[in-house]
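One chain comes next, on its own, written as structure tokens: the form predicted alone.
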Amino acid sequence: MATDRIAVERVDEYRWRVPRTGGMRTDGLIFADAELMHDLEGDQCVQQVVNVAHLPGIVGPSIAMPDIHWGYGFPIGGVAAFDEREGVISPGGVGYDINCGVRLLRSPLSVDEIRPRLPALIDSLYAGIPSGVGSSRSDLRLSQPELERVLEHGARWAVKEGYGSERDLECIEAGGSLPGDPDAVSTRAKKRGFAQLGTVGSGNHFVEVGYVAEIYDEEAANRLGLAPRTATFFIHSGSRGLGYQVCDDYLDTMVQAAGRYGIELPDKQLCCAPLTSPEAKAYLGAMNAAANYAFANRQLMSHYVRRSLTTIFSGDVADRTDLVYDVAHNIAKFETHQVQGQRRRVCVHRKGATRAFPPGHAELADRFQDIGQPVLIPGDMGRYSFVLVGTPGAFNETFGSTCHGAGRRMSRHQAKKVARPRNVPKELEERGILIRAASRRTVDEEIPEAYKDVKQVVDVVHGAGIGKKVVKLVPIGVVKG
């Protein structure tokens, strides 16, 4: 088939190959079923898969997940790995919201115990977790030295300050702390971070109350404490204004670096620098610092969820509300993978993609060694989300990566136009889902039909063997910016 004059060959039920042509250094590989692939015809995100394949030092194919859609430089839903000596790093391969990610908490309550007090719980979450554009009413005000420690230590800083426990850290990708360099973060970026720690933000970010509605893998579900009808809490947020500013700062740096090192770019948005260069090392330090801010941000919001549970429910409910896992969606990390039969250290860019390491991987905590890494796939606020686990297939074929969500099928402008004559909160309430939001605009932009059906996306990765379904979660309450 042709996608806006780009030849795409079907490999099997879930894989499509974009053959190497012109200046491409490798093939493109798109995971999708026939219907999802049909929807991509003429979409610029397929051209972005091709563009990424032009970058120096790329190892393996330029990969796109079934939730792929257009992004800055790289497609959202894109994965690409680069050789540590010959490759590059590109801020467009991480995105503006560095370490935008999700975490899942499981409570000791059932959905039947939650429902009678759901309005009070949602009100408490909305009051206790700042949300909205530029939300800065966090009850935490960081000093300069405290912010530096957040940027250096991430979730470990939060736990040390009493926002959670060491047990939480075992359930966070990279233990909630990457080797960040606060000195590589600009004063302007730091200024944007002082008052936003512990806040949701706007757009597609949320705090969601839900429950386990269906189980696909009983053994893995039991190991994760996800029994039928267990009440859960999803938190989706990132590095807020600080991370945005880090990306903005380094895009300027990388445009100059690409010219300095003679890198030819099919798209200026793919500006990059060799991984061995000072510019790359500075960006990595700043990116990791912003990622640490995001890990700490979600750790604080977990504390606020537990605080709301203490307010609404008696006893030790909050103490028995455990972290299932926390994963990054926008990150670049050095990892060791098998490439054409050889172990190679590569820098894996995951932009709108989730790490999905298999059972037995050395980076996983003991509790996940037998089942693999939990993978959290949020859907939209009106349907369902999924928990998966990582697989050997993902590690062998996609550098240990899988999808990250449903993926947009409408622009925000289109969604607002469709929602304008409707009362979306009332529609959701009639379906048993309470919503609290800082503005109607955000709700309208995030209507369920603005997204692909996440079940279809998850079925593709499950069928392709790059993720394994464990449970389905259904929302009953949502807090949005």
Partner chain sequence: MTYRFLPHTADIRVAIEAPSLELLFAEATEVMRQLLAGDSPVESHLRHPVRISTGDTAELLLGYLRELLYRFDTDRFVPARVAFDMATPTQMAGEVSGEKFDPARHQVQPEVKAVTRHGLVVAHKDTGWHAEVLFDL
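Keep in mind that this is a model prediction, so the values were computed, not measured. Positions refer to the first chain, counted from 1.
Another form exists, predicted together with its partner chain; not displayed. Remarks below refer to it.
Annotation: in the predicted bound form, residues E397, F399 and H462 none come within 4.5 Å of its partner chain through any heavy atom. Contact annotation for S411: at least one heavy atom lies within 4.5 Å of its partner chain in the predicted bound form. Y325 falls outside the set of residues with a heavy atom inside 4.5 Å of its partner chain in the predicted bound form.
Its partner chain in the predicted bound form is approached by D248, whose closest heavy atom lies within 4.5 angstroms of it. A residue is said to contact a partner when one of its heavy atoms sits within 4.5 Å of a partner heavy atom; R431 fails this definition for its partner chain in the predicted bound form, lying far away. When you look in the predicted bound form, the only residue of P378, G201, G198, G180 with a non-hydrogen atom within 4.5 Å of its partner chain is G201. Residue R441 is the only one of K417, H38, R441, R422 with a heavy atom lying within 4.5 Å of its partner chain in the predicted bound form. Figure note: of the listed segments 209 to 217, 113 to 121, 281 to 289, 402 to 410, the one touching its partner chain in the predicted bound form, with heavy atoms no more than 4.5 Å away, is 402 to 410. Of the residues in 178 to 192, those that come within 4.5 Å of its partner chain in the predicted bound form through at least one heavy atom are, in sequence order, R188, K191, R192.
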